[in-house]
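This document opens with one chain alone, in structure tokens, the form predicted on its own.
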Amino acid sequence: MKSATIQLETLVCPSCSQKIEGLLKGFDGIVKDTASVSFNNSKVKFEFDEEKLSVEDVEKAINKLGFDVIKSKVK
């Protein structure tokens, strides 16, 4: 398992955070209950199985929702 942090452009409302969290919960490969989105600092954090999912897949899905990714960090 790996953990990822994705920095987004500033989120404009708390419902934006909820929308992204809902997206993450639908991904096969994200460890259950590890996905969180902080409205205050516009960061997305989650743990994932790199054999099922890549951070790039998550970034693309977030972009499709209309949010811009600044950078990602994987540990």
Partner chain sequence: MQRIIFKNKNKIAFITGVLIAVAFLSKWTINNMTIFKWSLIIASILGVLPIVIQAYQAIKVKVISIDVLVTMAVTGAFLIRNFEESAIVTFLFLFGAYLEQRTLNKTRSAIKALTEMAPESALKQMDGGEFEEVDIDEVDAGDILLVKTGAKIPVDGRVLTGEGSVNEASITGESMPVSKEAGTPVFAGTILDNGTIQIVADRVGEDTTFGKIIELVEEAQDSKSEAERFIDRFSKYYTPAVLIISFMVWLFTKDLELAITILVLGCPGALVIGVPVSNVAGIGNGASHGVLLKGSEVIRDFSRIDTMIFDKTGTLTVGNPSVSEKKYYGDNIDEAVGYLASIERESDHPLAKAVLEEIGETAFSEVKDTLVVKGAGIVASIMEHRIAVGNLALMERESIIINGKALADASEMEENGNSLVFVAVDGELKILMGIRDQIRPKAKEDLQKIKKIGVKNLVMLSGDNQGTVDVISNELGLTKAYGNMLPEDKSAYVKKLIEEGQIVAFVGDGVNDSPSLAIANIGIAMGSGTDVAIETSDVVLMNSDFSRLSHALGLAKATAGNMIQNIVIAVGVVIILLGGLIFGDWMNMSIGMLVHEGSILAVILNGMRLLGYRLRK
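What you see is a predicted model; the values in this text were computed from it and never measured. Numbering follows the first chain given and starts at 1.
Just so you know, the form predicted in complex with its partner chain exists too; it's not on screen, but the next bit is about it.
Residues 31, 51 and 59 are none of them found to lie within 4.5 Å of its partner chain in the predicted complex, as judged by heavy atom distances. Among residues of the shown chain, residue 2 is not one whose heavy atoms approach its partner chain to within 4.5 Å in the predicted complex.
Remark: residue 55 does not count among the residues lining its partner chain in the predicted complex, judged by a heavy atom distance of 4.5 Å or less. Residues of 50-75 that come within 4.5 Å of its partner chain in the predicted complex, judged by any heavy atom, are 63, 64, 65, 66, 67, 68, 73, 75 in sequence order.
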